[in-house]
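Here we start with a single chain on its own, the form predicted alone, put down as structure tokens.
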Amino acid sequence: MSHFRQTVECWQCGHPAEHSLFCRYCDSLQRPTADYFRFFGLEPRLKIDAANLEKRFYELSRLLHPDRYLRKSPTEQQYSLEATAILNDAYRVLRNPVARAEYVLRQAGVESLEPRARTLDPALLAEVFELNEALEEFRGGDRSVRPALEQARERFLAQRGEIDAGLESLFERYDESRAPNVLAEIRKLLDRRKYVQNLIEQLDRELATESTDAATSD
């Protein structure tokens, strides 16, 4: 629990504020921490209780709303604005498992490897090569390849689902062990997920454009 035991002084009364949003002695709003987990009063974990996070978000939204500080000191008014911005950013990140994992990895200094050809498995590389060929034909007006593109999209969606299941398992392992090698595994899987997600989005754009063009011509 040392994550929460650092001591700072309240700007108003000088008593230890212990990185709480509110001083327990004078109840004044403190400078908000930029640490998303600490801001919500949570231990840094890859798996969190989504319902509890949402409940805490709405509680803090009410407590930190700038309207509550219109008659407070300029310091608290500024801290309210800062805290509200951090609250919204933190909630957006922490409620999304992938964004939350990316945040934890950044905090731990584990940078993205951005998969290159040499890091992807041969089966996926072969599929991407075939996909690019089909996309070129599709862009050239060959609509007979559309079913193949739709099937490819379904396969990539299935791959993304498998990756998400693998991430879920790794999240549990990391929360239990805090092992750096597990973070490294998560990093690789997240990079692969990003690559697959980009392929899905590319297919969505191409297929949607073709559908729009068809509707316009009608």
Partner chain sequence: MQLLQIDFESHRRGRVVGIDLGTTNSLVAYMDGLRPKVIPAPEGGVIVPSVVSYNESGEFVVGERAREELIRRPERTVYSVKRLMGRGLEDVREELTLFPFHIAEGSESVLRLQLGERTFTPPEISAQILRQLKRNAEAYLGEPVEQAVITVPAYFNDAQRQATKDAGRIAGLEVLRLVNEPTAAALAYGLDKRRDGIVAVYDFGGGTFDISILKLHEGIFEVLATNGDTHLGGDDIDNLLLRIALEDVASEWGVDLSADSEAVQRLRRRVVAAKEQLSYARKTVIDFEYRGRRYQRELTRELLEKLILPIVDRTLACSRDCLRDAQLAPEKIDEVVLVGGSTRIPLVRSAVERLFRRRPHTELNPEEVVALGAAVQAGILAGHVEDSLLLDVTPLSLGIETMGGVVSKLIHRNSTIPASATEVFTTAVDGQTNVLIHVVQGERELARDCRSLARFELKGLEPLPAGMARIEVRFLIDANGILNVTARDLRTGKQQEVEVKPSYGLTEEQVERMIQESYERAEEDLRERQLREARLEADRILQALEKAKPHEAYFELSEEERARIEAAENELVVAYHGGDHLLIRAKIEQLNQATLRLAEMMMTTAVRQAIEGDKS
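Residue numbers count along the first chain shown, from 1. Source: prediction; values computed, not measured.
There is another form of the same protein, the form predicted together with the partner chain; it is not shown, and what comes next is about it.
Taking 188, 173, 68, 160 one by one, only a single residue has any non-hydrogen atom within 4.5 Å of the partner chain in the predicted complex, and it is 68. The stretch among 122-130, 73-81, 135-143, 99-107 whose residues place heavy atoms within 4.5 Å of the partner chain in the predicted complex is 73-81.
Remark: residue 169 does not count among the residues lining the partner chain in the predicted complex, judged by a heavy atom distance of 4.5 Å or less. Of the heavy atoms in residue 85, some are within 4.5 Å of the partner chain in the predicted complex. Taking non-hydrogen atoms only, residue 57 approaches the partner chain to within 4.5 angstroms in the predicted complex. Under a 4.5 angstroms non-hydrogen atom cutoff, the partner chain in the predicted complex lacks residue 52 among its neighbouring residues.
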